[in-house]
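What follows is a single chain, given as structure tokens, in the form predicted alone.
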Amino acid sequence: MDLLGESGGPVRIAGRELGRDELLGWASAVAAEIRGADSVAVHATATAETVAAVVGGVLAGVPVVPLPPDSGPAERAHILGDSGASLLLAAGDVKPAEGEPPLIPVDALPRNGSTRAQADAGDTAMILYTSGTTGAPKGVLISRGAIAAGLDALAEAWAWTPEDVLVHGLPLFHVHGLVLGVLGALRVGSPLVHTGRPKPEAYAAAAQDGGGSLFFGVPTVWSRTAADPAAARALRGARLLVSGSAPLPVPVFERLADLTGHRPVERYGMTETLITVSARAGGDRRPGYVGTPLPGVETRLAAEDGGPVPRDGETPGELHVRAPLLFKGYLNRPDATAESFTGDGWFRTGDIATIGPDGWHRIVGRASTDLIKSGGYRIGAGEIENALLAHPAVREAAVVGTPHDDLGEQVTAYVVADGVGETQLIDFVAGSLSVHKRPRVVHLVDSLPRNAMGKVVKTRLTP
């Protein structure tokens, strides 16, 4: 099964441009070097070498294991050992540590290869490792057919065509930056401009000088863009701004819409499911909501006892998904794979959501950290975070449940703000939400711990 489109525009990454023929020739040379390997690791920097290496794996029909370049020695050793990668693809200046697979210096390979293996839709295209917040990262097996189905559904939802110029600066070891942001452009046939880093000024330059029309970002990127009015206004000529990988705060949505003239498209997915729910290019876009299921995707909500949850837009439940773009399972983890599915075949996302009568989904947060059970109430952390962010002095906010002798859990907030006190913030939230949802404690902090995709790591929150 071929994941790449028949034709397409160039790829520009960190200022270096590759025409499609040059990229395919280079990737074909990579494919010739790795053909027959069980899997290969790619030192996934934001470089042309990474793109050539990943596409080479696609052409060879060899599973690719993206390796975060900033991973520590223990995480790196775990990913390489668990995946069984027999080769490491990187630029020649990368020196493998003792015990790591031998290096294939991608930058030393020719640009005129012609290798292209046959592969089935069910074959594994990538082994993507989860963040490992509850233990060692697990290898998620993503098939070629799942990637193709997911990208085709998004192309339809976002009216994504070869006439677009995709712009982003996201890391190339996650679904967002790599699968959507590289393979998506190559499958659709649109030119790609990767800015190296997702800086507002780089996005603005790509809009003005590079003809960027479709922009991908995570909430941190859009928050920084909204705080830079000149950069934000430069995006007025774009066609679509897409936000994902974490909830986009409502105040950021509204400020971005005001400055750019675009109401952002939000979408929802995870490594195991790719993108399953999204707002549409030609439809409504609601702040705080991630849209409706893509074609072929089914969703439902389940209560803690497994029973159904009404689609009333208010009652939260765990989001379950059934779709042709689900992962094949966790590598070498049959028990974990079995536990992640219900008895009737639905994938348990671990995310808490509400679904309205019209099918619109709102993600409340993770069941493990974002569903707070306080005094008999079930409270979503995301709603309180948005309420805090509506205060003009608040720059960042994260809400968790912490132990309370009487309530079971209390609503506790960690806030980055200027010139405002704990009591003022508690009263501010109580003025817009139900009293039981107000924070009982507010910790004013200098910053919030985040991972490479800009998500707050709530397990690392400390006063």
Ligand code: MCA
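Numbering starts at 1 and follows the sequence shown. Model, not experiment: these values are computed from the prediction.
Heads up, the form predicted in complex with this ligand isn't pictured, but that's what we're talking about next.
- Although the partner is absent here, residue 155 lies well away from this ligand in the model of the complex, with no heavy atom inside 4.5 Å.
- Using a 4.5 angstroms threshold between heavy atoms, residue 260 stays clear of this ligand in the model of the complex.
- Of the heavy atoms in residue 440, some are within 4.5 Å of this ligand in the model of the complex.
- Interface membership of residue 426, defined by any non-hydrogen atom within 4.5 Å of this ligand in the model of the complex, is confirmed.
- Annotated contact segment (heavy atom within 4.5 Å of this ligand in the model of the complex): 263-271, selected among 329-337, 263-271, 183-191, 206-214.
- Shown here without its partner, the chain carries 37, 63 and 116, none of which come within 4.5 Å of this ligand in the model of the complex through any heavy atom.
- This chain is displayed alone, yet in the model of the complex one of 369, 71, 86, 220 has a heavy atom within 4.5 Å of this ligand; that residue is 220.
- The listed set 306, 375, 310, 392 contains one residue whose heavy atoms approach this ligand in the model of the complex to within 4.5 Å, identified as 375.
- For the stretch 155-187, the set of residues having any non-hydrogen atom within 4.5 angstroms of this ligand in the model of the complex comprises 170, 171, 174, 175, 176, in sequence order.
- Relative to this conformation, a decrease of 3 Å or more in the Cα-Cα distance between residue 410 and residue 249 is found in the model of the complex.
- Distance between the C-alpha atoms of residue 434 and residue 359: longer by at least 3 Å in the model of the complex than in the displayed form.
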